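Quick setup: the structure tokens below cover two forms of a single protein chain, split into structure 1 and structure 2.
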Structure 1
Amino acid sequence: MAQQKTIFASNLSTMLPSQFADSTDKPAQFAGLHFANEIWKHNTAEIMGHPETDADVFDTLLAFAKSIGMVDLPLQKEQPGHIVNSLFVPLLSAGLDLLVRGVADVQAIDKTWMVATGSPKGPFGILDVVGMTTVYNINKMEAEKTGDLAKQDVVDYLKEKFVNQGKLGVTTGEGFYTYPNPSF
């Protein structure tokens, strides 16, 4: 139904454009255009094509990102997680691992990260913004794919303590912290 000039772009997060391009009859017109959480503070736009993405489509998405005031970040190759999530996911996973294994509590882990790096939020404040449903699903897919028992422990923890209780983060007013006034 779409006109030939239509560009299809999706905020793919941890998925790849090539996973979806064939769902259209115009795979050359499809690419990823990934915005960070809290876009009003973190105005990044990661643009990622796939092997069949037309170069003009890619350049048009870069120009579009700039035109709406975003910092355009072109990826030269498909990469699950783009740039930001490739950096972020290991941090968030490490925080969850430390918590689930009983090494430290939420406040100590977040405080360590915040003081040591100057970040305004620690891993658990970030997870609350991302949302427990997304965090749960990403960890579940990883546990199923790898059979990693430690990852499955994280999945079980998230389901029992958060997902089943409707504590989904900022959107529901409660996750690791209570909102609108979290105590990090």
Structure 2
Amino acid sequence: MAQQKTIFASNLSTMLPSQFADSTDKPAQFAGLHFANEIWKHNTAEIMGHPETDADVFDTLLAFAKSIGMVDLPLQKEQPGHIVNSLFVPLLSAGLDLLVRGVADVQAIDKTWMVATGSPKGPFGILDVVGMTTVYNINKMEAEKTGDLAKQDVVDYLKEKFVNQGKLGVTTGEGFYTYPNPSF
């Protein structure tokens, strides 16, 4: 049994602290502490409490994140996907939509974004890091939930061109680009 002062924190992805708080026995000492992909490069630590998280516990987690070399990022209320995925999903969906509708190719879309924003990667370079299995699952859930036919086209495209062929992104050496030397 944990000591009275012990703080519990968890990576949460799309889940919320309030879904787990009651199972912790000390809900006031529980919050989300969410890290991202490629933590060695992208050292974000998003701290998200639930309505009963103690304010001191929240501040202690911010300080803890900082102390281990992370950028501490407070959320003021619960948000599925935290900040990072709430921003990534709309951008990556827009890129996939342009590609699957045949508006432009992977290179043109990524290059536009990279030059326009000064980012080292465009939507498809990012999707390869996220990994095609995750991308496929997120789009599939969304297509099933909304019945959006354009979204279903994206799902079919991902399945046929990537998932079925084992091209899962950076981890398998091929996705929208080939690795370790992608052409973006």
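Bear in mind that the values here come from a model prediction, so they are computed numbers and not experimental data. We call the rigid core the largest set of C-alpha positions that still match within 1.5 Å between the two forms. Structure 1 provides the reference sequence; residues are numbered from 1 along it.
Note that the form predicted alone is the one shown as structure 1, not structure 2. For the candidates 121, 84, 129, 154, the hinge between rigid parts between structures 1 and 2 coincides with 84. If you fit the larger rigid part between structures 1 and 2 on its C-alpha atoms, the smaller part is left turned by 16 degrees. Relative displacement of the residue 27 Cα between structures 1 and 2 on rigid core alignment is 5.8 Å.
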